[in-house]
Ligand code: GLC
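Here we start with a single chain on its own, the form predicted on its own, put down as structure tokens.
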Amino acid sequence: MEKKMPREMTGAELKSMLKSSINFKSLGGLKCDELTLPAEDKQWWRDAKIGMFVHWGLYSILGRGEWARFNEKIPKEEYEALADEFIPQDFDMREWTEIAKGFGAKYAVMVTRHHDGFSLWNSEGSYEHFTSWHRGAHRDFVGEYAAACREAGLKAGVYYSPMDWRFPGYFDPEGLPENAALMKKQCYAQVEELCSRYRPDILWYDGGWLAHKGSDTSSAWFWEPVKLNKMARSYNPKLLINPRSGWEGDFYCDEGSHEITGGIIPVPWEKNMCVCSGSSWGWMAEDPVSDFDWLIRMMVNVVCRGGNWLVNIGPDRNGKISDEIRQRMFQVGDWLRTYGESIYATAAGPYEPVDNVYGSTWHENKVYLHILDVEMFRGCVLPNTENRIQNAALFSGEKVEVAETSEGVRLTLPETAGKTGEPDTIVVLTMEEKVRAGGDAEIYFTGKE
């Protein structure tokens, strides 16, 4: 039987088709059938919906963002001396997993080594042993993190940057091929260490581009990502891998705090953003924490379009999270503990979102209509689908009147709806049978415009 090939779609066509604000990173990665995970091996991640990202490293001492060394042209010796000061006081990795659980996350992703080259584990493959184990702390933070995640029942992801500013060959790989080869050797050795020792559930690359030009995919000739990821998968055949290495990956990524608009996106994807302003992923002392209502609306907009929500925190030099961030994360978690059945283990649809008004998720025979503007929704007619409504009620249980006609479905909300100040008013539609809605599409985004 001839294998069905995915439809090729450019980034421009994606935006046109979905009228979407999304901006997927690293489109057009190398394809490899051998690396393609079946849908069932990605289902736990699709069901998880909520993850917590952590950016922490030497830049957390400076408090000026994870790009401080490059942006400020800090001399090598001066920056690397920070490794002897990176000695977190009174820090237990379970503080992070407590926040992740309180936030409602089902998985976490920790930055194990950013572009500055400093590794947070006992890495023999690290060039010049620039690691937390060999320098001031003498601790394997990645090992501590992986153990804490497993203890807390969280899936553990590791972020890894192939690029390293310490290598002149990064900036001129063709002119300095031997030095660039040392950087590549470090990458392969460290990815193998991470995958063989800690057996992560997610491998989250960032920074595959060369000389700060082009993209991850345009630098695939150098990194040979198919070879790299085959090696990574040899330690966990079900390892989920993002698209930032130059291989197409198991899911797409949209990065930043911009709003999500448009239609349901029929591929696995993840929204990556900060709980603070997004001006830095690493710790900054005065970085304002995002508004609770805005965060809930962002989460709903992502999940109602088929995405996961990976939210970043930036601990300080001692691994500590501010009380304000902690409280906001727990506030979101409290919301999820109440309304989580409308988020976790759901799929997007069957109704396409209407920007700033409503979206929907479903599971089994229930549809959760997430209404972001009750007054605007009162004038809406939902399109007819294959699914017949048995009854409707607010999440709190108050009855909602339903009128199904040839023109569509009109819901009459109680006058009390939307009066409590909640950022999301949820209507639960119970269907006569299991919901029928469109699933994922076989699409390969080429990245071409």
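For clarity, every value in this text was computed on a predicted model and none was experimentally measured. All residue numbers refer to positions in the sequence shown, first residue = 1.
Omitted here: the form predicted together with the named molecule. The next part is about that form.
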**Item:** Contact test in the predicted bound form: residue 53 vs the named molecule, heavy atoms, 4.5 Å
**Value:** yes
**Asked** Looking in the predicted bound form, any heavy atom of residue 424 within 4.5 Å of the named molecule?
**Response** no
**Asked** With the partner left out of view, is residue 96 within 4.5 angstroms of the named molecule in the predicted bound form by any non-hydrogen atom?
**Response** no
**Message:** Quick check on residue 222: any heavy atom within 4.5 Å of the named molecule in the predicted bound form?
**Reply:** no
**Prompt:** What stretch, of 396-404, 31-39, 44-52, 66-74, brings heavy atoms to within 4.5 Å of the named molecule in the predicted bound form?
**Reply:** 66-74
**Prompt:** Are all three of 86, 135 and 317 close to the named molecule in the predicted bound form, meaning a heavy atom of each within 4.5 Å?
**Reply:** no
**Request:** Could you tell me which one of 283, 247, 309, 204 places a heavy atom within 4.5 Å of the named molecule in the predicted bound form?
**Result:** 204
**Prompt:** Only one of 192, 373, 293, 255 has a non-hydrogen atom within 4.5 angstroms of the named molecule in the predicted bound form; which is it?
**Reply:** 255
**Item:** the named molecule in the predicted bound form - contacting residues of 139-162, heavy atom within 4.5 Å
**Value:** 159
